[in-house]
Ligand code: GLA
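Shown below, as structure tokens, is a lone chain in the form predicted on its own; questions about how it binds or moves come after it.
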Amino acid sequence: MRNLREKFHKIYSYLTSETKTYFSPGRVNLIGEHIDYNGGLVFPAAIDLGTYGVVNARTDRFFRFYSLNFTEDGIIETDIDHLEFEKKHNWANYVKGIISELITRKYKIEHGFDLLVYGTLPTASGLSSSASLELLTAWICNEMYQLNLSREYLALLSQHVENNYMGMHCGIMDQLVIAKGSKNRALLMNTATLKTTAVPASFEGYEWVIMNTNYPRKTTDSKYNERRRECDLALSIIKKYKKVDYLCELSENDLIKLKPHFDDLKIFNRAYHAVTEQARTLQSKTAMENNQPQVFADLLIASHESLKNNYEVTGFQLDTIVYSAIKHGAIGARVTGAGFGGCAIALVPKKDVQKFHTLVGNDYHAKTGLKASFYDVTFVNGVDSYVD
């Protein structure tokens, strides 16, 4: 993007033929929520909102980072020997974490770079702005330092940084779909094996609309990690009676038979969501392959109800916008992402999309006092160099 290259020149006072531009998409998960860390199948797609990076190699050991989204932070400077987490470095910790982990793994990184970042993803929205930035950095390093690492490896590296450097215990879904996204397709993803199958992800006459509640979530500080611990507890109970590695290996009948062994209904409900969400994900793939939009839409609604009642990750704002979407023309809708605020997704007849934006926006504002944002997205390829 020429304008971003001009911004790079303005910030760093130079631009060369070696200055390169990259794009890392965000992601939306169509269905299969909170099961990527339970060995489940998920169904995400990479979207055309994401993170752009303009970068130029340096000849010394220094790094400089600047974000057009956080201009108040100015240029953040560090060097190869000082890549530890620092709260004052805000967003740049994701970048530092990737570089630091590559060095820890003994990859040869002997010089720094200057990086300009611009994100079109709303932050704290559930569309994986953090994973997008991680994969952007990982891809830049892979090319700049000629590491020859696979997309799967870069995804796992980024997940490791999110888990261990940033302290957010996410699964692999976000990073893997951003690494391996496929144009006009969603990826049916086995999070236990990392196997992905690209499936056409559109229904004739309908459009995917992302609805941002603009009620921000703070995943690291929220109950996300608590849900992971609850699932681990459920699995430990189940393992006493059945040999499994992941919750999503169980059928619904298997789990119901084990219900008497749960003293806490809440812990059982967490497992019940994971098991039934796995089944819904498989059913949704069939619905998409058979061009059955209403079947898919019904699965979206069922997923949201389970996330609301069994997993308890929706909340007033997300429930309000989902139910408003269904009231005003969507044939199906659900929370997408971790929940606790952020975004929902709806399947809407194309002819009604603009009216849908207005009606849902007005209804949501009247009930919450917040102004929703709407994004009509397309599905794109994974992280790569960007050619304008």
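What you see is a predicted model, and the numbers here were worked out from it, not measured in a lab. The first residue of the sequence shown is number 1, and the count goes up from there.
There is also a form predicted in complex with the ligand; it is not shown, and the following applies to it.
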Val95, Leu135 and Ile140 all contacting the ligand in the model of the complex, non-hydrogen atom within 4.5 Å
no
Contact test in the model of the complex: Cys170 vs the ligand, heavy atoms, 4.5 Å
yes
Does the ligand come within 4.5 Å of any heavy atom of Tyr37 in the model of the complex?
yes
At the 4.5 Å heavy atom threshold, is Gly337 in contact with the ligand in the model of the complex?
yes
Going by a heavy atom distance of 4.5 Å, is Tyr206 a contact of the ligand in the model of the complex?
no
Which pick from Tyr215, Tyr224, Phe113, Tyr145 sits with a heavy atom within 4.5 Å of the ligand in the model of the complex?
Tyr224
With a 4.5 Å heavy atom cut-off to the ligand in the model of the complex, the contacting stretch among 317-325, 58-66, 26-34, 351-359 is 26-34
